[in-house]
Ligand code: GLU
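One chain comes next, on its own, written as structure tokens: the form predicted on its own.
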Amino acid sequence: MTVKTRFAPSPTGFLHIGGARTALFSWLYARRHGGRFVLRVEDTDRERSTEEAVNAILEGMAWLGLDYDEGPFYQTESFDRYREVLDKLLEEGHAYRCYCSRERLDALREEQQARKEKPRYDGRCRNLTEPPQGAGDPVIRFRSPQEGQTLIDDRVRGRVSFDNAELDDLIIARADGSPTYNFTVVVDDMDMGITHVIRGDDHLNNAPRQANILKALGVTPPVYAHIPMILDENGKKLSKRTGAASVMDYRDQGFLPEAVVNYLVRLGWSHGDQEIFSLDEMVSLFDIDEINASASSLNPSKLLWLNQHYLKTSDPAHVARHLAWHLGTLGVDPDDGPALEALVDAQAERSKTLVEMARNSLFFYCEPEGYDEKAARKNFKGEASTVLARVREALAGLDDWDASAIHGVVEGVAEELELKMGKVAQPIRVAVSGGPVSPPIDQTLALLGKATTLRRLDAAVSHIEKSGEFISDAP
């Protein structure tokens, strides 16, 4: 048997973190078993489904690297097929037309609730042989078994038993002929040959209904694995404020897709105490039998830790491609500065996100608008003007502009002026970057280039002398 999984989002919003994890688990299971992964867009809710949401889902999948072997398929393109299966169920007696009005059903529900009973359809039209006089357009209901139990051997929850008497005769087509969710899912899973359905445990109650429809169609139900929900870091249901964000929001916040995927796989699945997994390791190790049956909670600190790990250990060329996008959002053309791979090498150790890396790298592309007040007060004093002028003079005569040569010049000036290295490097850093933080000064100047470095040193000396900050440290 070829394993075949699917991810079937409804395009009524963005691809959120819970949906992304479901997609990842389904993708990993198919990849581990050499199977097929299908993307199916369940867009039958025409009022809420939008093209924008479809694009958001496709963009999120692409950013995470979750490629699909088949699809995307759209349910709205399969209405003729749904009609064909509905007719088959009606013809074979597994479904029937229900003419009950909305008013009758509302009254029935109120009576049942008053008796503290579970609201359910009472089967009034179950054995009708002809429509009642004056009846309107009927819905179609599935004739659910009324006795015994439906058993679901769930790969996460174990065996779950449902009393058939509690399942109700669910509506599988509305009065306008449009099919309902539980029915379209069944037809699609059957036609696509889905062998394993991995989805959120909010769908667990749908499993017996869908399994019974499949049995009525003569099809063995797929293997189900219902995964627990994701909670916020306080153990409460996710909201937009606490983490139920679009996957692309994580991109916007400066996370690498590898870090997000690694983070997602650990939300409910583990392999010993291992925290960091390459994609190949995930594929070779992942198994739905090892998914935790209890809910997982978000841990933003762990995501930041993972992201910093991937920033430091990934191929700089890969990180650079993502950094270029973030620089672009800040109005920077990456071609107007140092090579991005070299910049990543210089900044990775001191960056937790790509947003932080991009912001801390702006001075490589744009002239600083001014100097950090605290840093200037501390470093543009005493002999700072003399130090910067001497460094500028020494650097101007440098033929080989690389970090090693620059380091030799700065170190030589420090020895010449009998100053500690920091007393020379830090004023240079503020002069060229505008602030107190940058990569090592030799790397920083090498990346800036000779002309830019000399120009900014000149500007800093002029600033110190004009502002009167060139003062003696003597009492």
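Bear in mind the structure is a predicted one, so any value in this text is a computation, not a measurement. Counting begins at 1, following the sequence as shown.
Beyond the structure shown, there is the form predicted in complex with ligand GLU, which is absent from this document and is the topic of what follows.
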Practice prompt. Although ligand GLU is absent from this view, report whether residue 185 comes within 4.5 Å of it in the predicted complex, heavy atoms only.
Written response: yes
Worksheet item: Taking the shortest heavy atom distance, is residue 452 within 4.5 Å of ligand GLU in the predicted complex?
Response: no
Fill in: residue 326 within 4.5 Å of ligand GLU in the predicted complex, heavy atoms
no
Worksheet entry | Close approach of residue 203 to ligand GLU in the predicted complex, 4.5 Å, heavy atom | yes
Discussion item. Quick check for you: of 195 to 203, 94 to 102, 164 to 172, 266 to 274, which stretch puts a non-hydrogen atom within 4.5 Å of ligand GLU in the predicted complex?
Written reply: 195 to 203
Item to complete: Could you check which residue among 181, 121, 286, 73 gets a heavy atom within 4.5 Å of ligand GLU in the predicted complex?
Response: 181
Worksheet entry | Residues of 1 to 35 having any heavy atom within 4.5 Å of ligand GLU in the predicted complex, listed in sequence order | 6, 8, 9, 10
